[in-house]
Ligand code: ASP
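One chain comes next, on its own, written out as structure tokens in the form predicted alone.
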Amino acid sequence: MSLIPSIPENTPHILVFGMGGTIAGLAPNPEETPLQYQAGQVGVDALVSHIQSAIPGGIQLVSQQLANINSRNLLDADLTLLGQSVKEALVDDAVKGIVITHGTDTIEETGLFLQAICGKLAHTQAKRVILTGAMLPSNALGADGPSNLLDALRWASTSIENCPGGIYAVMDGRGCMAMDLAKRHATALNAPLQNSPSSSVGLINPSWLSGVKAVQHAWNEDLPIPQEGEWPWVEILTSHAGARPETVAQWLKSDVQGLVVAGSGQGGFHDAWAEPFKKAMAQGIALVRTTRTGAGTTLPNIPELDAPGCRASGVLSAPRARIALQLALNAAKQSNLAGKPLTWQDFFARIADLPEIR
């Protein structure tokens, strides 16, 4: 753990966790080809030091490097470490807020994960956890990382009356609940927030804030963090023209525990998959339907009735639905071990059926 600058132990501070990503990336030839770069090359200390002079006075910072990777390579073990680290920080009286620098490719998975495992804790502790990243590497002309990080630090440290404690994300001058992140553009600077309900980080939108409070009121209990090596195996399948039953059937011979179907339109899937999906559910494989369109809500029993082992994803994209299903399967296992059996559908509903912010 690094102090920037050195501060006495137990001094109130904002904790910055580094996970890598484009914000920590370097391009060999940034002037001509800034999008040809390696992610996760710059340490979080350097990222914070770069904006030190712009940080408002009175804000003390502590940084910790948890990972320095291209986020497309994010592992279950990385999420376990991050989740445990954030929960420990939330109950540390010296930590007044948390910022996480992260790659944008999988930031939506991490946002959903953090909401599910410590959204209630962050709210009750009245602390903000802010995810941020960048679309341009750190040495690119006009790199967006410094301004995003500065906005995240400001939002993590400002008066709690402006926005309650919880799990948020900041990109390109706007903020949203981290569970609403969904990367919808390959290169736009606001890609992770492009279609997400959000607010300016400078002036909180009252309508958005009202929706945030409704979600937080409905989120009653955090889910357990799967330990490293205990994450349920869940895969994503995309329905498409010419789909073959073998695509699903091959998974029946594996140890997969859940399948998320990125379906066409309102979450429907090719008729060729109907029979193998029935066999999958009969084997106890959990099935969640979502849409491959990139926006909109996947509703239950539309366009056809859902089988008992199938669940619609609501507003969750396929990557977020996969994380939600993993956490739901793990929580159901833990509840059974504790003698208080609930189904994976019970836990999945806690995540998928929250009020929708518009």
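The numbering used is simple: start at 1 and walk along the sequence shown. Bear in mind that the values here come from a model prediction, so they are computed numbers and not experimental data.
This protein has a second form, the form predicted in complex with the ligand, left out of what is shown; the following refers to that one.
J.: Tell me the stretch among 21 to 29, 346 to 354, 331 to 339, 7 to 15 that has any heavy atom within 4.5 angstroms of the ligand in the predicted complex.
T.: Heavy-atom contact with the partner occurs in 21 to 29.
J.: 154, 123, 183, 174: which sits within 4.5 Å of the ligand in the predicted complex by any heavy atom?
T.: So the residue touching the ligand in the predicted complex, by this definition, is 183.
J.: Please identify the residue among 47, 39, 67, 318 with any heavy atom within 4.5 Å of the ligand in the predicted complex.
T.: Among 47, 39, 67, 318, a heavy atom within 4.5 Å of the ligand in the predicted complex occurs only for 39.
J.: So in the predicted complex, does residue 72 come within 4.5 Å of the ligand, heavy atom to heavy atom?
T.: Residue 72: yes, in contact with the ligand in the predicted complex.
J.: Even though the partner isn't displayed, in the predicted complex is residue 199 close enough to the ligand, meaning a heavy atom within 4.5 Å?
T.: It does not: once the ligand is placed as it appears in the predicted complex, residue 199 has no heavy atom within 4.5 Å of it.
J.: Find out whether any non-hydrogen atom of residue 104 is located within 4.5 angstroms of the ligand in the predicted complex, and reply yes or no.
T.: Output for residue 104 is yes: heavy atoms within 4.5 Å of the ligand.
J.: Check residue 135 for me: does it contact the ligand in the predicted complex (non-hydrogen atoms, 4.5 angstroms)?
T.: Although the ligand is absent here, residue 135 would touch it in the predicted complex, with heavy atoms inside 4.5 Å.
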